[in-house]
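The chain below stands alone and is given as structure tokens, in the form predicted alone.
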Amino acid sequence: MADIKSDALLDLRGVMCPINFVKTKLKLETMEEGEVLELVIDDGEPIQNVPKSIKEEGHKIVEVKKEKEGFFRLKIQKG
């Protein structure tokens, strides 16, 4: 799955819940269906809550990768 290209990048490290979800949702609204957003978020509440909320909005999580620095990279395909 590492070959999935991102159409946009959103770095939300240091952003608290639920603001990180709101910013993700707003960014996805500017994208076309099928495009992929690469999201960089923190461990803890963000990684626990954002993917679940994104799926509920009808989008698809196509990749989740934990970086050695402790944050996560998510690739989200707009539904």
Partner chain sequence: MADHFIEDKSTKVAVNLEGMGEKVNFNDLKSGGFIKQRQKDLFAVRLRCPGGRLSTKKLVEISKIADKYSKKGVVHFSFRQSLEILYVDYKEFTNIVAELEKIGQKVASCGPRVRVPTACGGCEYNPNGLTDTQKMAEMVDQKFFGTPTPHKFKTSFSGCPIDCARTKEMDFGFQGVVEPVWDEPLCTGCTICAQACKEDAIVSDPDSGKPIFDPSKCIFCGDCIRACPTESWKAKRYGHTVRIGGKHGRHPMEAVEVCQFLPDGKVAEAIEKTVEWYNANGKRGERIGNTLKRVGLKNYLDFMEPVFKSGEAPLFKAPGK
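Positions refer to the first chain, counted from 1. These figures come from a predicted structure and were not determined experimentally.
Absent from the display: the form predicted in complex with its partner chain. The rest refers to it.
- Although the partner is absent from the chain shown here, none of L9, K23 and K25 has a heavy atom within 4.5 Å of its partner chain in the model of the complex.
- The shortest heavy atom separation between T30 and its partner chain in the model of the complex exceeds 4.5 Å.
- Its partner chain in the model of the complex is not approached by E69, whose heavy atoms all lie more than 4.5 angstroms from it.
- By the criterion of a heavy atom within 4.5 Å, E35 is excluded from the residues contacting its partner chain in the model of the complex.
- The closest non-hydrogen atom of K55 lies within 4.5 Å of its partner chain in the model of the complex.
- For the partner-free chain shown, just D43 of 11 to 43 comes within 4.5 angstroms of its partner chain in the model of the complex, judged by any non-hydrogen atom.
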